[in-house]
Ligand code: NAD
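Take a look at this one chain, the form predicted on its own, written out in structure tokens.
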């Protein structure tokens, strides 16, 4: 079949929500300098986190320049992090050359410091050869799906990055593990809990790493909110509200085919809301209540829902109220509220142009602070995290268990919508995340 990899990660909307109750608003700009990654990697090595392999590369290749400006009065000059030599980088085989691979993943690999593309797998050889020429991949390292196993004999490939329709994730993860390759798999992980477990089992049996590409968990502003929560700056959390919607077109696309997609907007864009509720709060939901809507007269929604609304309840009393839609104008946001403050992103979940604000009581007044950071490539961050985990043989921050838990919640949401009743969700039997990625310094 022709490539039609998932384009679940969606461009963001530039609209900004404003809080009318805010008394005082201030803007701070946090400049994310490339040189700070080196300091973070060194600190991570000392604490034994997943980026432990970074310092040795940095120490070997780092170049320091003398100061020419007054360090007490002028902005510090930063030299970019040392890169690994091309021959020392972890090699990736990209499986599926659709929109996400061409527009995001392959360009991101060109920005990576520890990763490179070394092979391509596609159902369209003509297209694959064109892409290979663009990225310097030899023709001998371009394969189709039937010759996928030939990657076993390619020592230049350490990781297989699966960017295929959701229904194909399990098959190619298992095939990759059997030929001795680590796996980075796009989200959602698969179409069922059983498929997710088979992926985890295959990688464990092969003693290979499995990471699910939840890029938002490697994004700087999302991680800042996690830090706020851990430091209790928002007080006792009470509710999370989120939405992710877009108006889809072509009714023949694979995202509207249940066998390939597993569902409609819930596993595609709604999973951002679901995963954010879990990873931002640090809790696991124990109950789901949901409804879905599918119009009878719209050819796009013959097999999957148009929209889904769900409420997740957490043991501490937090609720997450979320929606996802394929039938409304693009909108992506979330807001996390606590007894002492709130934090929100609008736009959220996108590749770029994200915006974050938080509100707290300052000097007796309600103060709203807007935060911006220099744009960075989220895909490059997550891919390099996987490479560092391979180099240090460390469990990724978002391993297969993270994707499995999301799928368990997805199935509870669909069951609630079918039955009209709340559905209980058992806690995960093992931890769903590895060590935090290196903390960005602002």
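Numbering follows the first chain given and starts at 1. The structure presented is a predicted model; accordingly, all values stated were derived computationally and were not measured.
FYI, the form predicted together with this ligand isn't displayed, but the following is about it.
Out of the listed residues 358, 300, 182, 187, 187 is the one that sits within 4.5 Å of this ligand in the model of the complex by at least one heavy atom.
This chain appears without its partner; in the model of the complex, the one residue of 332, 89, 208, 255 with a heavy atom within 4.5 Å of this ligand is 255. Only one of 317 to 325, 367 to 375, 302 to 310, 213 to 221 places residue heavy atoms within 4.5 angstroms of this ligand in the model of the complex, namely 213 to 221. Residue contact with this ligand in the model of the complex: residue 145 places a heavy atom within 4.5 Å of it.
In the model of the complex, residue 294 stays away from this ligand, with no heavy atom inside 4.5 Å. Interface residue remark: residue 379 is counted as part of the site for this ligand in the model of the complex, having a heavy atom within 4.5 Å. Among heavy atoms of residue 342, none comes within 4.5 Å of this ligand in the model of the complex. Contact annotation for 151 to 165: residues with any non-hydrogen atom within 4.5 angstroms of this ligand in the model of the complex are 163, 164, 165, listed in sequence order.
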